[in-house]
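Form predicted on its own, single chain, as structure tokens, below.
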Amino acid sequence: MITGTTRLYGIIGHPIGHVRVPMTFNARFERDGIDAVSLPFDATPERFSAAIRGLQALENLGGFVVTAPHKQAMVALCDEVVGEARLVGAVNTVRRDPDSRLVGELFDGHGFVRGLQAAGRDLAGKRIFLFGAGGAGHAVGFALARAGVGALTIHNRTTSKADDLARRIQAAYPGCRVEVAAKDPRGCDIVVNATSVGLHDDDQSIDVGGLAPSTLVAEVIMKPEKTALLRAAEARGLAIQQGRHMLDCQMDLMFDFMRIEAPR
């Protein structure tokens, strides 16, 4: 039951109908007896800054999750950026401290890699093809390099963004060979879609027809749980990794960072 003492934890993005955070967080709040509720906030890029300042003014706001397309823009709106977010230049989790300061971190990459590892995927030395150089692409790219993949190929619609991301990952993790290439994932061990393409049922921009039978196809999109890309990969007999694992495997990190605790 929502009362006058209930703490608020939101998720902000645009569009927002596909997100799983409210269902996932609220189920955990109910399970653990936490007096809190998670709500979706839809804010366009033009109104994003105003929305954040409004949230910051709420005394009963504990924090919020940031999703596309706002993860990189959130960096400049935080009072402090820590941990992985400082390296990557994107934020997906914000804590509102009692003095109203907003502190940002990034756990998407941790969650994505943990999801692969939980499924028994060995990443050491693997060849990765990453579609997307936005907020999710940044998080996943840095996390994969940190996990010890051997080569990372990045493709993005705007090549300059892919070039910039490749340079930064290469500088941070010189042991990983990073390059920018055209839209051809053949020859890679794992193909990752870190773009918003797939939110709609008929969205599919990646051709899986030439992929080797041993290729793993992974998503960051959480709803639908099986995008057109994943369905096409399954139809060819390829292994898949759903986007929901990226959230499920970072929830503990998010809760710890936002200081959400079960009553004792």
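Computed from a prediction, not measured in an experiment: that's the story for all the values here. Residue numbers here begin at 1 and follow the sequence given.
As for the form predicted together with a small molecule, it is not shown, yet the points below apply to it.
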query = Contact between F131 and the small molecule in the predicted bound form at 4.5 Å, heavy atoms?
reply = yes
ask   = Can any non-hydrogen atom of A136 be found within 4.5 angstroms of the small molecule in the predicted bound form?
value = yes
task = May I ask you to state whether R157 is within 4.5 Å of the small molecule in the predicted bound form, using heavy atom distances?
result = yes
message = Please tell me whether any heavy atom belonging to R168 falls inside 4.5 Å of a heavy atom of the small molecule, as the geometry stands in the predicted bound form.
response = no
inquiry  = Heavy atoms within 4.5 Å of the small molecule in the predicted bound form: which stretch in 93-101, 75-83, 188-196, 120-128 meets that?
reply    = 188-196
